[in-house]
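Here you get one chain, nothing else, as structure tokens; it is the form predicted alone.
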Amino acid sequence: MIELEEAREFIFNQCLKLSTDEVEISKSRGLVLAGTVISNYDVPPFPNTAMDGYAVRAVDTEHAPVELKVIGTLPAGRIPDLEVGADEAVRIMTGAVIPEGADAVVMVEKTKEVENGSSVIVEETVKNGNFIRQPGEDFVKGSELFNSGTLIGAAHIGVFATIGLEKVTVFKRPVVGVMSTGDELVEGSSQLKPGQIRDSNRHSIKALLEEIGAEIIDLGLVPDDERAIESALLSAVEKCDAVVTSGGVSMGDFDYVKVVLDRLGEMKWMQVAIKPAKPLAFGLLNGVPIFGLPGNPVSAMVSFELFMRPALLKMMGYEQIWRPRIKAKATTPLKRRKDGKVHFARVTLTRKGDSYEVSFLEGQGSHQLAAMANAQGLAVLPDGEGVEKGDFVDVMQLTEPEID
């Protein structure tokens, strides 16, 4: 067996960053910037009001309450064509340009209209600049907003739009081919014949790939035929940045995928000191990373989390490639036996204030997918006897914890 970190290092050293691409900002969420974004404008570009109210001269409000003459109304989007003089005010809407002469805004809630709106009573004294957004208050023209390596989220896209960017340069979204092989595998709801099972791995792996924003090519079910598998793999690496198969990676397995990959690729068949997901294959076929995950459904998903997900995120330019790790207090014993492996136990995770609690789920077999479906995390149990109730354990967080 080899250690987890040794297997990861072997894989990550061969999974290089993808090339860059220019994409529309609406399609950039979840991708990583491959260059610096510089502001083309001051934002805001002009002084404007943060509130509905009245644009005034602050000096005219010193002895509030005071009555000021209303000389006009200024909605957002209109160029001001008036100037505020002594004891005057302009009715103004949020986002509108501050008119000449005014240096403060009184919010409408602190005013009262009189004489059908021809004048207004200002009920409080305001200071110069009150509720005025100044040019460049958010950022100024020429400033560096985001550096290469920034993970793009919704707010970043809003900033791009604000400064007039229509496209940004990012590391590519990976194209990943997903293949299942085996004459025992079937699709759909038809009645199973003796020896048949329904293919679940391809569907769960596709869902995990969707979670990180990969573009998926479903290579489907490929029969146990050497020529068919060879054709499918060679076709896949022509159009994919990575390919994933499941099953046929154990030391004793005789599988046509293994035969083909050994002949065509540069593969390493590993036994990693972890449970589940001990067997793992990885290598390159025509320069394209090939991930051979275990066949048991829980093992396939755990293997994806430990190896393939971080490798793909690295290829996408992510700086943070790991799932969040937290410390949680065990509410049930998490027992195991010494076997030279690190165990990843499926657990529920509950947040209580600023702390977390974790409970062991029943059904920890590598074939028992229900526990994986109900898990919020994987408890990391080093080689030993496990942890007792009340002990703290490291947990790899898979989903948001329940809140108590």
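Predicted model, so just to flag it, every value in this text is computed and none were measured. Numbering starts at 1 and follows the sequence shown.
The same protein also has a form predicted in complex with a small molecule, omitted here; what follows describes it.
Asks: Heavy atoms within 4.5 Å of the small molecule in the predicted complex: which stretch among 164-172, 192-200, 309-317, 230-238?
Replies: Single hit among the candidates: 192-200.
Asks: Heavy atom to heavy atom, is Ser246 within 4.5 Å of the small molecule in the predicted complex?
Replies: Heavy-atom contact with the small molecule at 4.5 Å: present for Ser246.
Asks: My question is simply whether Thr150 lines the interface with the small molecule in the predicted complex - judged by any non-hydrogen atom within 4.5 Å.
Replies: Thr150: no, not in contact with the small molecule in the predicted complex.
Asks: Report whether the minimum heavy atom distance between Pro289 and the small molecule in the predicted complex is within 4.5 Å.
Replies: Contact with the small molecule, no.
Asks: My question is simply whether Thr125 lines the interface with the small molecule in the predicted complex - judged by any non-hydrogen atom within 4.5 Å.
Replies: It does not: once the small molecule is placed as it appears in the predicted complex, Thr125 has no heavy atom within 4.5 Å of it.
Asks: Ala96, Leu185, Ala214, Val222: which sits within 4.5 Å of the small molecule in the predicted complex by any heavy atom?
Replies: Of Ala96, Leu185, Ala214, Val222, the residue with a heavy atom within 4.5 Å of the small molecule in the predicted complex is Leu185.
Asks: Answer with one of Thr73, Thr331, Ser250, Ser119: the residue that has a non-hydrogen atom within 4.5 Å of the small molecule in the predicted complex.
Replies: If I apply the 4.5 Å criterion carefully, the residue I get is Ser250.
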